[in-house]
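In structure tokens, one chain follows: the form predicted on its own.
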Amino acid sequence: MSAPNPDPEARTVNLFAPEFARCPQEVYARMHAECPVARAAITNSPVISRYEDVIWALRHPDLFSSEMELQMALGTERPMIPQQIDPPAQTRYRKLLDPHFSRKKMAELEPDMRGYANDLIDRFIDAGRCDFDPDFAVPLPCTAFLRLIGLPLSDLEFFLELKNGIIRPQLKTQSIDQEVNRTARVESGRQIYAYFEEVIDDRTARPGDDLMTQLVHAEIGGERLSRNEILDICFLLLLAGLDTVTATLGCNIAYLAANPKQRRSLVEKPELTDGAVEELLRWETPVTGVPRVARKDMTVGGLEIKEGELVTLLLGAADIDADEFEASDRVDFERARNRHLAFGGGPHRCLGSHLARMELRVAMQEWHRRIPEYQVAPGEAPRYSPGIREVLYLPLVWDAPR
């Protein structure tokens, strides 16, 4: 674990500041140098930034628990499954769900993903410009996810509204008041539960060939999942499936637009794409941190953490830690050893990591095959959201095909 730091109580970090969303790497570097374990500016809760501390915490759910339904309200009535429960109960659900998101299963979806990507590009390539988030980064992974789970594409806008009501309620409420945003989350959560109640009834009466049907008829230990268990799984799948790949795609393309030499390396050598996906996950880490609840009093990096405190494990900071990554401040698509934590670690490692990797690889390959040269529109600048770093505004331009 990291060495004790001087006067950690005097150090705070604002994880929701606009400059943090825009360029968190500068904040991470200052934390590593000055205070590897700090306190959040708004909540005064502990924030852990060093790789060895973060991976240690991720691997010890007995000390840093994911069971936090009371401490972190996301509009849920119960913990989301399997993300907000710990082993051994969590392990049973992962054994049920992991096969549905295996590398082999995701490979079967790849041809359709390439078709979706090109259909989207066809809509705007001749215009020589697009707003990357709504025109490509949102619809591509969302279309793939909705087809996998078996939900209608016509409901996408409704799903996005509900998802943002949970993850980014401030965009809807135009308020930073925590109570106002908590109320918005609760209302969005109520609508998510109500929607999936109807889907469960439909798949019970009319089974289909999709993940929703498989969940409705799934068994653990010879017993069917309860209605609440299915609802709590679906709540998590909706949030994760409609947000994190979109956020990652936007961060990746914004980086490449600002770094034309590295962009051209992908155009000239598409075989570098897998390495680029991993390295940009490391460098950008759109899910900047994950919350955990301390299960006992402890001291980490010289900071006293009390039992019951909500602790943020800062994945993004861990991913640029010079003690773990050689030349950590350099983006290297051919990095030989890249044990990044963009998908978390330990028993709660991201369920959909194989799906995300496939979507990112396909999206970046097809985009650069069709639109090899692009830049941010002159006079414009990307606009990032805090928390999960989605590029809400990324206007791109290129020379339209003749």
Ligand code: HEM
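The structure displayed is predicted, hence computed values, not measured ones. Residue indices: 1-based, along the sequence shown.
Below: the form predicted in complex with protoporphyrin IX containing FE, not depicted.
- Taking non-hydrogen atoms only, residue 364 never approaches protoporphyrin IX containing FE to within 4.5 angstroms in the predicted bound form.
- Contact check for residue 244: a heavy atom falls within 4.5 Å of protoporphyrin IX containing FE in the predicted bound form.
- With a 4.5 Å cutoff on heavy atoms, residue 101 counts as touching protoporphyrin IX containing FE in the predicted bound form.
- Contact annotation for residue 350: at least one heavy atom lies within 4.5 Å of protoporphyrin IX containing FE in the predicted bound form.
- This chain appears without its partner; in the predicted bound form, the one residue of 306, 227, 94, 190 with a heavy atom within 4.5 Å of protoporphyrin IX containing FE is 94.
- Put simply, of 265, 273, 76, 83 only one has a heavy atom within 4.5 Å of protoporphyrin IX containing FE in the predicted bound form, and it is 83.
- For the candidate spot formed by 18, 31 and 47, no residue has a non-hydrogen atom within 4.5 angstroms of protoporphyrin IX containing FE in the predicted bound form.
- Per the 4.5 Å heavy atom criterion, protoporphyrin IX containing FE in the predicted bound form is contacted by stretch 336 to 344, the sole one of 47 to 55, 31 to 39, 336 to 344, 371 to 379.
- Interface residues of 232 to 270, taken as those with a heavy atom within 4.5 Å of protoporphyrin IX containing FE in the predicted bound form (partner not displayed): 236, 237, 240, 241, 244, 245, 248, in sequence order.
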